[in-house]
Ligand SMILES: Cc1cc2nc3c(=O)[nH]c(=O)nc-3n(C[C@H](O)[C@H](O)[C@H](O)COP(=O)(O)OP(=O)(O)OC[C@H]3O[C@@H](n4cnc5c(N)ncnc54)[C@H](O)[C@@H]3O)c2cc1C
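Starting off, we have a lone chain in the form predicted on its own, written out as structure tokens.
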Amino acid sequence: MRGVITYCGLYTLGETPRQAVKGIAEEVLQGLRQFGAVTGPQRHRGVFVVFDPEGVKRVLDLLCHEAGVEVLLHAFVTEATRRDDRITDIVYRDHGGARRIAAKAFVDASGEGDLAALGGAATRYGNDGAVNLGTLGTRFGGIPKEVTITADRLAAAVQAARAAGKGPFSKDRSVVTRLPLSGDLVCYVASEDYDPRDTKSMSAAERRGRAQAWAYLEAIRGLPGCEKAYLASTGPDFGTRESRHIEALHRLTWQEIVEGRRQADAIALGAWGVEWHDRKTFESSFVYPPDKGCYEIPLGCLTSVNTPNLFAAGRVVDADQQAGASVRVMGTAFATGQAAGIAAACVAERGSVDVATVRQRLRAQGALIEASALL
């Protein structure tokens, strides 16, 4: 989770938020509620819930075990074999060496599109030269729960520290929230321009990002009641907002979303706005979806254009700059992940995707796939 503790995209953004993503996401939320490890919905630009990361680990462990999923942590996919137009097997490496797995269908939920690129599927980096900026999730402890820290208060503290010649700082403002169990403060301000495909670039960014985290700590200590604040953790790596996309049968565009276009092969709903973090200015912007409602996501933008047994989920899906800045968030990724998994299962069973079957199975699993479901 890279230190990010907010699920964005689960709810619409209007005055009365409505849950737009259910299915597997609802199973996770129910598990978190049992542990008292989720709060919300809350609002900062958009509507989100805040979860405890240890609670999420436990809930995902339980759900995967119940579903019979074999989870292989701490491994990287390093090779993929392509025969004709299909990926046939992959190689992953752990501390024991290289291991090979064959399958009839695959889902790339890597964020960076690693499997697609290694398997010869058509991919692109960013959109028309633009790539959303990444931020290091930063967590601060030692701040009493009765002390209120808002985005405005954080910005004022950073601006005062910058005026005093302190730093380095990249941003003044971000989501500011508290973890449900510990009460630790979490914000997303330490940002860097880096290439997530390149370890040298990422390593340099993380070094600079951690230096920023300590500077933000000093600024926060200047706020009344925060004198004993300490840096509890930074993300295990940067929260990357964009990297590779697959080239898919359908590229979702923001124009389609603005027009409220219905998708014949809709398999999920998106509800987040266009959240763009610019790599040149480090400024962020947010454009709300029409009527602050939801939009339909087609199966086509999850389906590789030249590798029919490969599907994408999360920020790997095919979308233009604005639509991609909306569909990428974790709440929506629950929905695209569930749909990609079902589509891959169809290929494994019958050799090809049947849209009607995918939609039927999603409905049976409690997923919301059409905007009319929220009317």
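Because the structure is a prediction, the values reported are computed rather than measured. Position 1 is the first residue in the sequence shown; the rest follow in order.
The same protein also exists as the form predicted in complex with this ligand; that form is not shown, yet it is the one meant from here on.
Within 4.5 Å of some heavy atom of this ligand in the predicted bound form lies at least one heavy atom of residue 135.
In the predicted bound form, this ligand stays beyond 4.5 Å of every heavy atom belonging to residue 31.
Using a 4.5 angstroms threshold between heavy atoms, residue 347 stays clear of this ligand in the predicted bound form. Under a 4.5 angstroms non-hydrogen atom cutoff, this ligand in the predicted bound form lacks residue 53 among its neighbouring residues.
For the three residues 114, 240 and 314, a heavy atom within 4.5 Å of this ligand turns up in the predicted bound form in every case. Site annotation in the predicted bound form: the residue of 343, 329, 323, 335 reaching within 4.5 Å of this ligand with a heavy atom is 329.
Taking a 4.5 Å heavy atom cutoff to this ligand in the predicted bound form, the contact residue among 276, 254, 140, 188 is 188. Per the 4.5 Å heavy atom criterion, this ligand in the predicted bound form is contacted by stretch 106-114, the sole one of 296-304, 245-253, 106-114, 195-203. Taking a 4.5 Å heavy atom cutoff to this ligand in the predicted bound form, the contacting residues in 1-34 are 2, 4, 6, 7, 8.
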